[in-house]
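Encoded as C-alpha cells, the following chain is the form predicted on its own, with no partner shown.
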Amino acid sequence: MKTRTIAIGSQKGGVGKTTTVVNLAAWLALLKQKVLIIDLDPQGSTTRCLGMNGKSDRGGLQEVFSTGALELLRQDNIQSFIYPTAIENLSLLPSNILDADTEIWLNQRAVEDPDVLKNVVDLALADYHFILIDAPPSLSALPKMAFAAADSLLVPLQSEQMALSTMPRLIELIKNVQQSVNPYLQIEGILLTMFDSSLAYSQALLAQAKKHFQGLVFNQMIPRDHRLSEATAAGRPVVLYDMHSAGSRAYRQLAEYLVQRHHGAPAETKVGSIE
C-alpha cells in the first residue's frame, strides 16, 4: 500500500481548515481508502468534530510525543493511541492538549526534535492509504514539524483578499522546510473555500489566485454552505449530517480527484453508520 501523507495548513485561521480535514477524510474513507487523521492543532477542533472531546481514555498526541525519541514505540504501540470514528476506514490520533503549559511543552518538543512527527507517521504508514495532518495556523514550530512529516501540503484558501495576502508568508515557510528538513515536500494544491460563484469578487479572486499560483489551484472549489458549518457545530462530518449538500458534494469531488491522482480509480462509496 502506497501511503500519501498530506498536511493541511494555512497561516490564517478561519479559512475552513478543520472543515477540510474532517470532510475530505470522511469522503476518502467512503471511497474505500483507509485514512488516518493526526490532529496536531492544540485547539483540537478536528478531534471534537469527530465526536471526541480530547479526554481520550488511552491518551493521544501528548502521550505519543512523551515517549522520548520514539525508539521504544512500535506499530502496535502507535495503534493504541489511534481511535476509530463513526465512519468505517477513518481513524484519528486525537489532539489532547488541554492547557497552555502542555501546548508550550509541545512546541518545545517540536523545536528539539522536528522529526518526531515523521517518526510517528513512518510507524503508521503500512496501515493507511492517506494520512492527513491537521497543522495549526501559527508561526510556531508545529506547522514546520507537520510539513517535515508530509509528502505534500494542501492549503485551504478562503475566498477573501485578506486570506490571499497571507500566502507569501506560507510560501516562505514551505521553502524553509524544503531547505532544512524536507526537500521532497510538494504543494498538493490550493483549495478555494467559502466560494460564491455568483459574486464577481469571488471570480476575480479565483483569477488572481490562478495567476499567482499557476497550476496549483484545484479545479474543485468548496462553496459557502451553511450545512458545513452546522455539521461542524454538531461534531460530525457533513456526510453524516447532510450527505447531499453542496459542500458535501464538493468534498467528494476533491476526494475522488486525490484517489485518482494517487491510487487509481475510486471504488463504490458506502456511508458508515454513527456509533
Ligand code: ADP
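Not measured: the values here are computed from a predicted model. Numbers for residues come from their place in the sequence shown, where the first is 1.
Below, we turn to the form predicted in complex with the ligand, even though it does not appear here.
Heavy atoms within 4.5 Å of the ligand in the model of the complex map, among the stretches 205 to 213, 58 to 66, 228 to 236, 31 to 39, onto 228 to 236 alone. Not one of Gly189, Gln253 and Val259 places a heavy atom within 4.5 Å of the ligand in the model of the complex. The shortest heavy atom separation between Met194 and the ligand in the model of the complex is within 4.5 Å. A residue is said to contact a partner when one of its heavy atoms sits within 4.5 Å of a partner heavy atom; Leu50 fails this definition for the ligand in the model of the complex, lying far away. Shown alone here, Leu24 lies farther than 4.5 Å from the ligand in the model of the complex, counting heavy atoms only. Annotation for 92 to 113: no interface residues with the ligand in the model of the complex [heavy atom within 4.5 Å].
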